[in-house]
Ligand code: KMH
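One chain is shown next in structure tokens, namely the form predicted on its own.
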Amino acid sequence: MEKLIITAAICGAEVTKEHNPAVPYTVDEIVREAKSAYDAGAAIVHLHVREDDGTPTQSKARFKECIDAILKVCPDVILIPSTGGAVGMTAEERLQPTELPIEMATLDCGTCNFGDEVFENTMPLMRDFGKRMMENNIKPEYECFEMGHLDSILHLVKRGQAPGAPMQFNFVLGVLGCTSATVGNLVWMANAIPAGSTWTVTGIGRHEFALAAPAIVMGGHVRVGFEDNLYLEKGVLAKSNGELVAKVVRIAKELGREIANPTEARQILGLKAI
């Protein structure tokens, strides 16, 4: 079995310091959390950025500032900037990070209810995002919150409207209004992707570690981090993203699966070596 790639989603766009004081806003705080995750065993940092007051932004300049600062202390880490941004942002606003020289970026694969809001990703928007990533030689991580999202992106890839093999999927399970976080649903989605693809699971909230364990056994990969879950265990706030990553490393060790470093993760994902 391939080594396990751990992704750390270090801040997201929704959680705040009121939820957990360790949630990073400033460049220095984002670097601190990226380094804590990297040191604990994360090969990938999934990156949203904030203004210093915590306001989510897709500013190209802010992304560049954070990316440059992270790479100074984690020079080989794989960065996956978000093109999801925050609910309500325009497509062009969300696409700003793709104007930078990046290896990967997220591509959300369909519209869905997102709690009380609607996260809009129409087919024309997805085509535009796919075109941008093909033009800029960026490998997408395809974010699928529902099975219909997987079907939609495979439809676009088949028609050459989004990057194809080797494909990397992230199954985000447990968002209110989307597919629930069960092992059965994870198996259903993992069995539906094209041969030769890789996949990661993101369990939201209390489902984070409950889905990490089956993903490790199934040969998938795991995402953790403050974007998705703020707790190390019930009632215990995590002090850092590194604590969440370290818990996955312990689970993987108990299950007999080794952890991939960034060089090994690039090989698994079909990225160029650096």
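All residue numbers refer to positions in the sequence shown, first residue = 1. Every value quoted in this text rests on a predicted model; they were computed, and no experiment measured them.
From this point on, the text means the form predicted together with the ligand, which you will not see here.
Undergrad: Would all three of Phe169, His221 and Glu264 be in contact with the ligand in the model of the complex, where contact means some heavy atom lies within 4.5 Å?
TA: Spot residues vs the ligand: no contact at all.
Undergrad: Can you pick the one in Val157, Val87, Leu125, Met134 that has a heavy atom within 4.5 Å of the ligand in the model of the complex?
TA: It is Val87 that has a heavy atom within 4.5 Å of the partner.
Undergrad: Considering the ligand in the model of the complex, which of Thr179, Thr106, Ser152, Thr200 comes within 4.5 Å of it through any heavy atom?
TA: Exactly one residue meets the criterion: Thr106.
Undergrad: With a 4.5 Å heavy atom cut-off, would you call Ala252 a contact of the ligand in the model of the complex?
TA: Contact with the ligand, no.
Undergrad: Would Glu33 sit within 4.5 Å of the ligand in the model of the complex, counting heavy atoms only?
TA: Judged by the heavy-atom cut-off of 4.5 Å, Glu33 is well away from the ligand in the model of the complex.
Undergrad: Please tell me whether any heavy atom belonging to Glu143 falls inside 4.5 Å of a heavy atom of the ligand, as the geometry stands in the model of the complex.
TA: Yes, Glu143 sits close enough to the ligand in the model of the complex that at least one of its heavy atoms falls within 4.5 Å.
Undergrad: Answer for Phe114 alone: is it within 4.5 Å of the ligand in the model of the complex, judged on heavy atom distances?
TA: Result yes; Phe114 sits at the interface with the ligand in the model of the complex.
Undergrad: What stretch, of 158 to 166, 143 to 151, 67 to 75, 96 to 104, brings heavy atoms to within 4.5 Å of the ligand in the model of the complex?
TA: This holds for exactly one stretch, 143 to 151.
Undergrad: At 4.5 Å, heavy atom to heavy atom, what parts of 222 to 247 sit next to the ligand in the model of the complex? List them in sequence order, or say none.
TA: Contacting residue: only Glu227.
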